[in-house]
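Encoded as structure tokens, the following chain is the form predicted on its own, with no partner shown.
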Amino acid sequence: MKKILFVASECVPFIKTGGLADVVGTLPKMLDKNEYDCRVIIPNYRCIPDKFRNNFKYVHHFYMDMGERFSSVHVGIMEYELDGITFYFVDNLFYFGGDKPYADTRYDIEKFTYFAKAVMAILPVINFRPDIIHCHDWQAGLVPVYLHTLYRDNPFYRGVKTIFTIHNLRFQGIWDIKTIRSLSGLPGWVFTPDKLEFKKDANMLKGGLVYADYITTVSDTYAGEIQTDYYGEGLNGLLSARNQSLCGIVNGIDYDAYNPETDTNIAKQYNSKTCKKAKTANKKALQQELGLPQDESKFVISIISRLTDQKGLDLVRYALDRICDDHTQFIVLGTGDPQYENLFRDYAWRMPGKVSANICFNEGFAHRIYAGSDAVLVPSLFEPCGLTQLIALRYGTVPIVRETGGLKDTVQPYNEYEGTGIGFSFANYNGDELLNTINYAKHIYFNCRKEWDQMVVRGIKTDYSWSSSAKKYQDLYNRVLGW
């Protein structure tokens, strides 16, 4: 039995701010339980729902030093089992007692330095010696560093391998060397340009990338993109140097959680055979819920997203007046930068029958938008993987995407001559290309409806469940352990 430990800052269903939580919560239960004993460790945030926290089982507690900052810091261990997976929670009210998982950068640097060291210290206590520690994003970046420095002579950790997964390279955990050195207790020789030093500061993500045995990211295209100046966020040189131990594996989605055949959130359930009439029923129900004119002939296009620059919303702002014609309804669901929240509120006020701005997030409501829309727009500046387009395909909603990262890997563009493809895409980060692609999608929808309907069915039948991705991770684990 191969032992795998996932280390991350969030995990569904306990705590979620983005796609990282979906991966950490779903992938372990998709691995072959006859071959892998996979467990997960995350912080015991105060904001984890009580229905879970009240059932956590106390395992043990102890005290550890934390560099020069504290000589004695409390480390509690809680445990919970769900779907056959054992989850451990690092308990410390000082660091994880807030009402949300992340705070200001300086405080997050300190608490995830503590978290990384606590993970290492906990393993002998719970008597779980992993063959592989699978670390996710900068919050777990110091785990491989600790393994190869402060813990390298401890026989318990001998032979333990590490894999580091980049979910979003933009977030790196950067602070000054003096602070991180005093917090972490790491030796001075790791704060050099070939290790943790980054533009005269210390970089926790870089530490993970330098010391991990293997690096993955969440799509093939993104794995290539991050080795370039444009997408590399200053780490492209390191990633290029490590390209022989770097690969991309596309995320999947939970096909039980996103299943239009059984989804109780939507007005009418459906599958690939019944989607045509059901999509119309769901569209009308959505229009009624949002106070839009109930008209099945309208082209309903949606954005379900964090409202940030990364998501390509400056392109949307450029084209929105021309997107919202008399035949189109435009729906937004999400929160984020005030400039974009206010932009969509303003359009909803000015175009009440055409634009609906929902500046909030509600999972059930999101499902109804997926089911009731004709198309979903994902024009991202960069997108390591993206789940929106995968969920849209599952619900028979055609994705319109920019060809970057996982969007390029998962959305085969429509080809009217060959009758292939499951969506529409454009290459350059350009508002006119975005508008032209939307207009082409509208042309197919209104004038070639049979071809559109066939594309919808192809999308529903495309398999982006976790099954194939889990198999690729299993192959990777076996490869790393065979070295």
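Each residue number is its position in the shown sequence, starting from 1. Because the structure is predicted, anything quoted here is derived from the model rather than measured.
The following text describes the form predicted together with adenosine-5'-diphosphate (ADP), which does not appear among the structures shown.
Visitor: Work out which of C360, V125, L93, A103 lies within 4.5 Å of adenosine-5'-diphosphate (ADP) in the predicted complex, going by heavy atoms.
Guide: That would be C360.
Visitor: Taking adenosine-5'-diphosphate (ADP) in the predicted complex as the reference, which of T404, S305, S219, S356 has a non-hydrogen atom within 4.5 Å?
Guide: Partner contact (heavy atom, 4.5 Å) among the options: S305.
Visitor: Tell me which stretch of 281-289, 178-186, 382-390, 206-214 has a heavy atom within 4.5 angstroms of adenosine-5'-diphosphate (ADP) in the predicted complex.
Guide: Result for this chain: 382-390.
Visitor: Is there a non-hydrogen atom of G25 within 4.5 angstroms of a non-hydrogen atom of adenosine-5'-diphosphate (ADP) in the predicted complex?
Guide: Contact check for G25: no, nothing within 4.5 Å of adenosine-5'-diphosphate (ADP) in the predicted complex.
Visitor: Heavy atoms within 4.5 Å of adenosine-5'-diphosphate (ADP) in the predicted complex: does G334 have any?
Guide: Flag for G334 set to yes.
Visitor: I'd like to know whether K16 contacts adenosine-5'-diphosphate (ADP) in the predicted complex, with contact meaning heavy atoms within 4.5 angstroms.
Guide: Within the cut-off, so yes.
Visitor: Quick check on Q269: any heavy atom within 4.5 Å of adenosine-5'-diphosphate (ADP) in the predicted complex?
Guide: No - in the predicted complex, heavy atoms of Q269 and adenosine-5'-diphosphate (ADP) never come within 4.5 Å of each other.
Visitor: Quick one: name the residues from 111-141 with any non-hydrogen atom within 4.5 angstroms of adenosine-5'-diphosphate (ADP) in the predicted complex.
Guide: Not one residue comes within 4.5 Å of the partner.
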